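The chain below stands alone and is given in structure tokens; this is the form predicted alone.
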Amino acid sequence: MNTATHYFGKSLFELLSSMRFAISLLSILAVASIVGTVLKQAEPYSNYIIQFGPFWFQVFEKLGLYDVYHAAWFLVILTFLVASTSVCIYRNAPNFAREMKSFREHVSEQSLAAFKHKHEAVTEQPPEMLAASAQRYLEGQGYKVKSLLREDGMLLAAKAGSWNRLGYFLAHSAIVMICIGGLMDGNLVFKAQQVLGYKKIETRDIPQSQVPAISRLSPSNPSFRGSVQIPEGSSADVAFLNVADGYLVQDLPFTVALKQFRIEHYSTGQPKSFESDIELFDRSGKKIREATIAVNHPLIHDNIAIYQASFADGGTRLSLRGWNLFAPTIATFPIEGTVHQNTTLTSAAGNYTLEFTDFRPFNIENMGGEVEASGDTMSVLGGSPVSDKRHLRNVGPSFQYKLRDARGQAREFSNYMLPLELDGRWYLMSGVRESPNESFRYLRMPLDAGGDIDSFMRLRGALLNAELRPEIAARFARQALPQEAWGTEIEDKLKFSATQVLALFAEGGFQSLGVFIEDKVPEAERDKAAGTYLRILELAAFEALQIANRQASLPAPAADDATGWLVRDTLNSMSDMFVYGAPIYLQLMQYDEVKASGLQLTRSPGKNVVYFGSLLLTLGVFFMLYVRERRVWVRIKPGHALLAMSSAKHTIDFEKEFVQHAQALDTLTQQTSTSAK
């Protein structure tokens, strides 16, 4: 048993002190660090599911790639690397120290004669005199020299650059220090508590005040990296740590209050810089200090660094006007909302939950071939990109919300406050998407000559009003036929066709018309029938607009190109409403913006250890690369001198130095010979 234990211990020692083992660990850590750099760490799991899909999400989750630096396998490798490198230092440091002190004076003459870099010279001087001159020369070149008396002459053993070996010691020590720093910041305390069942990740979406103690970390937690968003005029005494598929609440030893958040923009509207004026209060409410933090200019208090990380909406208050898109009226209703809050919406189509998610005072869009809308391609619902001239422009505020039905299914919407000019005409835009990984598709609602959406809404209501269809059809027929055809069967057929087209369009837009044509019209005649029906629809819509204006006590619309485009755009927009996915349209009228500052709070006791290790690594690399160890031996016997030189690296400088020493030896032998004569 003792023999087996001894054998196992020896094998373990050999493994840990093996250079191959340490290099293998370093290689794994290097690959993991690349992954941790490329892949954004500690994001909510929903973001990774959207990015990679369900299959690869599970694969990467099993590998712990979403929080590499805190993964158990990463910390285990760090531990083994500390042990391996420490054993290497323990094993080799004494040899390094002895080698640095040694002059290697026991080298034999036969060994020196076998050196690649050797030089021989003839001398007539006594060995003692030549040795003294050679020693003075080598010392003048920065060598430490040891002179030894031999039976038949003298031996000079010289060395320079012995500190080169210190580089290996410093580099290995640096690896140990850096790994220890990584372990100190590796949330080891939480991981131990989690294994023992003292701590548990919270996965419920509940207020932080309701998070139980088992999912909270105390202010004395030795290391953490969390974030918090604080609206202007508010404060926070906790930070949130994203962990796996949930989070932990980190209680802070102080309270952070945001007095004011400021942001500057470029001329394009893109963020240029942002900063926060904050105040710190202790647990009793006493003000500790105040400061302004900006990107790359954190505040450090109580060993906790507070970084300016991001910004967001802090609960902007919105005043909205709602339109029922499928009601045959133009009545509106007011809605008051606050970003990050919900409200209930009751409509004829059912009850909905309105979830306000974001507000953006600036939107930089590429008003070109493909109009960029907050990173998404702005395409018309069921259509193609909306413009053909490329340039960036700030198109003003927008707000985002989700409309969730009784079954829990939701669509996300993004509505602009100001109209956008597309193809020379003005529209209000409302984007919709089914999931966050999709691009927004936009419903565009045309504005009239006065810059209002009311004409569109009046015409929409008239086209959806079944009671107005007979009058619309009659007006269309009278306008389309000569007076002598009024009251004839031709007029009746035309009125029937117009009524039928209006009814089909009101049921499902152009899609309903297309289905009807495919079912009722032979294939050879479909194109002609489609053109006829579209012409009937457009002319009937113009009559509907006249009726709608009359009912609103407004002048009749002019029969010009502007009205024609208004009618055509309204028909396109109404057809898109059937795939819009919402029974209402919300128009932003006013807003009271509230900004929020995104702060990152970090306690990192291992940071200074890592910095110190990095300094050691820099020094170690310097010693290894720029301090060259050279050794010189001069064996002097009566009538003969042998110079031998060695170095761990045979560089061009080494070759030049050897030539210099050889020439110096020749000179010394000649000088001493002349002196002797």
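Quick caveat, the model's predicted, so the values are computed rather than measured. A residue's number is simply how far along the shown sequence it sits, counting from 1.
Separately, the form predicted together with a small molecule exists; it is not shown, and the next lines address it.
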Original post:
If we take heavy atoms and a 4.5 Å cut-off, which stretch out of 352 to 360, 138 to 146, 431 to 439, 92 to 100 is in contact with the small molecule in the predicted bound form?
Top reply: 92 to 100
Original post:
Is residue 168 close enough to the small molecule in the predicted bound form to count, meaning some heavy atom within 4.5 Å?
Top reply: yes
Subject >> residue 649 within 4.5 Å of the small molecule in the predicted bound form, heavy atoms >> reply: yes
Original post:
According to a 4.5 angstroms non-hydrogen atom cut-off, is residue 610 in contact with the small molecule in the predicted bound form?
Top reply: no
**OP:** May I ask you to check whether residue 659 falls inside a 4.5 Å heavy atom distance of the small molecule in the predicted bound form?
**Re:** no
**OP:** Sort through 447, 217, 155, 88 and report the residue having a heavy atom within 4.5 Å of the small molecule in the predicted bound form.
**Re:** 88
Subject >> Contacting member of 619, 26, 42, 35, with respect to the small molecule in the predicted bound form [4.5 Å, heavy atom] >> reply: 26
